[in-house]
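Heads up, the chain below is alone and in the form predicted alone; it's given as structure tokens.
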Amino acid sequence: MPHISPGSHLPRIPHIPHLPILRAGKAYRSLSTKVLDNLATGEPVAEISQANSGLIAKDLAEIGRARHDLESLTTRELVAISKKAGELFATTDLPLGGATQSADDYVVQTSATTGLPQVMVRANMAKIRFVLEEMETVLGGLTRGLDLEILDRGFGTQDGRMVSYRRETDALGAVLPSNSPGVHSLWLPAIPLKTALVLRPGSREPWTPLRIAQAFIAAGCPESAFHYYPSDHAGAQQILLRTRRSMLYGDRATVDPWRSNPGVQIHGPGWSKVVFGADAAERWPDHLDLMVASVADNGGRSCINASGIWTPSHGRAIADAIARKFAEIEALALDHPEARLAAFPSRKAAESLSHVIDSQLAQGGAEDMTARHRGDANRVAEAGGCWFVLPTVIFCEDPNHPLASAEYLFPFVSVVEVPQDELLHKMGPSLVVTGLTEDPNFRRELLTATNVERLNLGASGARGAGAAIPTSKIAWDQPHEGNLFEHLYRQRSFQGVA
């Protein structure tokens, strides 16, 4: 029987699509629903079934069936299914409740509810397709070249020695965000790794995980591998508690309570940075485009976007040059082909964030370098019925200033000037660091820094600025934030007859 949560008696809206719950791949309509609106017009875009925590707990008690269904296929068969799913995801009409969704529908609907421009949704769609179609390469990076047939047999010979791997869970739980569809590429390898998915979508981005699931099913993947539960925080908590391995996306307040749980892989704020050595700081103009791309790609919405540029010298000049570039970026309607900014949920949300920045600037020790080049002190703008926060560059004289370590969901960066011998210690944790130096000692410090997750080590300019890599550029044959294979599998000692 359909379930209903108290206080959730919303009428069915027949003229908009209904997004169902997926229970082992089967669509399920709940009496408890929410309506998702268009950021630009306020009109309803979708009606979404809501899963309560009791239903989630009941389903997850029986999740073991999916393991047997996935194990009936080889890893290479699942890789082939992934490739087919990538094509279907990007090109084909797929089920959406009792109707279908085209690729163009997906782009328009995702943009309307997340505020990400349509051109960026298409770019993220291409990213997801690429990961699905290149799954064998992705798995090669995650497993460090493991013979995939070893995962089918459970043991085998690799590089002349016997190895065995044990899967640690039947299902990977994922409590997902709303900021950008591209983040969903990180849990895609779970299926060829023979692990079912339990997905709780972000409140404003239910589209991508559901479309991916339908693409996999249409490509021939066992439907029992897909559980999709739009839900409240209680439902999300059930997923984290009842799946032995999970991924959690969110801000610091959301992820901090789970940091001590080894079964939960945290995807929180990135605090990614471009870091100059003293030698490269002298040639900073060679890397201006790299810095702008690191901060502004994908509308500044990703944890791999740089929120800090740390340099031993020329900090004010660097900040001013980036500010000049940022002043050229305008707020444009979400369907504009040259849109580079993502919208905020409301005018109030945009103005509140701008006020937070202004209140921290009022403490002294930091300066908004973009205001002088915009010709308008107002950081908030409207276009196409949506509200935007314009790109902002802060020059921080004090590395301990609160804006020196701030991170926001728009192109925002603090430029901080610190002596090289203090820089790595004072900059704090970073998901991605693009290190620009040819100083062998500083390169070694970057390589051994325990507060750097991903390192893009580039030339300072003497061998050409083209050798440097923006923080926003991902190599899919490298783990991103944690290694999903190592999260799902554990190598064990094994002795036996092959």
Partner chain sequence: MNPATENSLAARSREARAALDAHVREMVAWHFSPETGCPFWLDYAAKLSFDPRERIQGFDDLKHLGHFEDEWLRGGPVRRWLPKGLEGEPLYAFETGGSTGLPKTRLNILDFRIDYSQFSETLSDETFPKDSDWLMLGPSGPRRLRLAIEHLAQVRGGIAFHVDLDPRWVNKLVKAGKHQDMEDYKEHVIDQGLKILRGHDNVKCLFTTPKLLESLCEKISLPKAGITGIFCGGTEMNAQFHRFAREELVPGVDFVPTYGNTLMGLACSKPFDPETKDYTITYYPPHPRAVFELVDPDDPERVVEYGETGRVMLTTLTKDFFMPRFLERDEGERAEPIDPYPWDGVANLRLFTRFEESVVVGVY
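Remember, it's a predicted structure, so these values are computed and weren't measured experimentally. Numbering follows the first chain given and starts at 1.
Below, we refer to the form predicted together with the partner chain, which is not included among the displayed structures.
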Would you check, heavy atoms only and a 4.5 Å threshold, whether N38 touches the partner chain in the predicted bound form? no
Could you confirm whether A46 comes within 4.5 Å of the partner chain in the predicted bound form, counting heavy atoms only? no
Close approach of I150 to the partner chain in the predicted bound form, 4.5 Å, heavy atom: no
With the cut-off set at 4.5 Å between non-hydrogen atoms, does P257 touch the partner chain in the predicted bound form? yes
Heavy atom contact within 4.5 Å of the partner chain in the predicted bound form, the stretch among 63-71, 469-477, 438-446, 47-55: 47-55
Assess the spot marked by K84, P201 and P206: is the partner chain within 4.5 Å of a heavy atom from every one of these residues in the predicted bound form? no
To verify the annotation, which of these, R245, K194, R379, H267, has a non-hydrogen atom within 4.5 Å of the partner chain in the predicted bound form? H267
Residue (of A99, A126, A234, M162) lying close to the partner chain in the predicted bound form, criterion heavy atoms within 4.5 Å: A234
Let me know which residues along 173-193 have a heavy atom within 4.5 Å of the partner chain in the predicted bound form, or say none if there are none. P177, N179
